[in-house]
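Presented below, as structure tokens, is a lone chain in the form predicted alone.
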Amino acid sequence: MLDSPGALPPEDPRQPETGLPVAVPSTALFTDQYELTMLQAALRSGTAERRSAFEVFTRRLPEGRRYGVVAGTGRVLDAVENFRFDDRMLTFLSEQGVVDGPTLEWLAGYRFRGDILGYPEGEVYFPGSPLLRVEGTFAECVLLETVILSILNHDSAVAAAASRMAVAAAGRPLIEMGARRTHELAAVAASRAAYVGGFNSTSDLAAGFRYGIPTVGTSAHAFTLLHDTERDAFSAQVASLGSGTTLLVDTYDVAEAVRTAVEVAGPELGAVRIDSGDLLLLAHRVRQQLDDLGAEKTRIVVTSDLDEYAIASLAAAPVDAYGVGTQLVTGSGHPTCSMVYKLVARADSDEPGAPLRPVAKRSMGGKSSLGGAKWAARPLDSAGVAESEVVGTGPVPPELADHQLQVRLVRGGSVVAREPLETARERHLAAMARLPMSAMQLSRGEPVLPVEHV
């Protein structure tokens, strides 16, 4: 059993999200040097084994955004499990003089044996939400800062953009196709985050292989240009993939291409794709042309540098699906969530039962933080709509006990909350359904829920 209402199911052994077939075998050097030098100094001073609690949160949402989306949690669990220093890494650290001999010995046996609690993947969040709490000794927790932030900042940014695009699409399918616009491994993570945020499929086969996300794809302009005529290209594609394929119709003249596509594939043609031009105008013209040619069931897919605003502008157009690349994998202008990882509580000694006391940075310029290990709850009104996000320390008020957001993810170093990616995707839909309607507005505004500290 897990420790919280809304707890996650146990790991499903059928899920493809196991191992690291499209990643590095160890995440131990996905860290900043100062985390190792802090470790060395803490080992020397005798404070390394003090029990500590670190929290991940953001002080603000990207300008104008009304909510954030938690994504990457499953990847964080993989990263923590694979945080191991092998002989080659230790040799590198020794040769570079990063840390001393006793610290290298300590790192050789590193395993995270603490606890992690956090918002489950797909949940929404707001400024000050305690998204993740990492508890253990200072030494074992401090090393995880960079890799945790790297994953959560990237994946949550993509998921937030995906969620806004899904709102704009209003139920029409969305295809993630941004692999060529980012780092090859970031592309896999972006596909995963986009799926959590509401996308339906990806063009990235690595993402399909690793995470079981549906994959799609047919042809690019190069395939048409390869052939002597557009008809030859369409004929070759239909012969290979069947009449249900999607034909790209904007290489030369759109109207002529649509006519040729229906002649080649027949009225059973699956779809046509438009990748340039005035998409609103072309979608209407192509729909009318397809209907006139008897291809009433042929779908229209549009691509071409779409973002949530462009998708929203096509709401009245006869578009059946959208393909999104650059704007999605770059967070639609906000490629990071500005999440931070801060020590919020620590013991005064290394005694196992020593109580934790709150600690916090005092800072000018808006970088201060609140001390203490925090809980979070989101009470609902009589209609099932969230009223606020309540964050506090100490005992949880009884009236909020059933509305807590955090669940236990790791206990004693063992992952206890792996879940199918589909579960995170469904959770996001449910979380959005509980937000006020103003969350669906794409116009700039304040966070849709206030965060109350008690």
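Quick caveat: nothing in here was measured; it's all calculated off a predicted structure. In this text, residue numbers run from 1 along the sequence as written.
Just so you know, the form predicted together with a further copy of the same chain exists too; it's not on screen, but the next bit is about it.
Comparing 153-161, 262-270, 378-386, 287-295 against a further copy of the same chain in the predicted bound form, the single stretch with non-hydrogen atoms within 4.5 angstroms of it is 153-161. Under a 4.5 angstroms non-hydrogen atom cutoff, a further copy of the same chain in the predicted bound form has Asp32 among its neighbouring residues. Though the partner is left out of this view, Ser26 does reach within 4.5 Å of a further copy of the same chain in the predicted bound form, counting heavy atoms only. Among heavy atoms of Leu370, none comes within 4.5 Å of a further copy of the same chain in the predicted bound form. Remark: His183 counts among the residues lining a further copy of the same chain in the predicted bound form, judged by a heavy atom distance of 4.5 Å or less.
Three-residue candidate spot Arg88, Leu93 and Tyr252; every residue lies within 4.5 angstroms of a further copy of the same chain in the predicted bound form by at least one non-hydrogen atom. Among Val340, Leu280, Ala310, Ala108, the residue placing a heavy atom within 4.5 Å of a further copy of the same chain in the predicted bound form is Val340. Distance criterion of 4.5 Å from any heavy atom to a further copy of the same chain in the predicted bound form singles out Ala179 from the list Ala168, Val301, Ala179, Ala257. Applying a 4.5 Å heavy atom cutoff to a further copy of the same chain in the predicted bound form picks out Ala236, Gln237, Ala239, Ser240, Leu241, Asp250 from 234-250, in order along the sequence.
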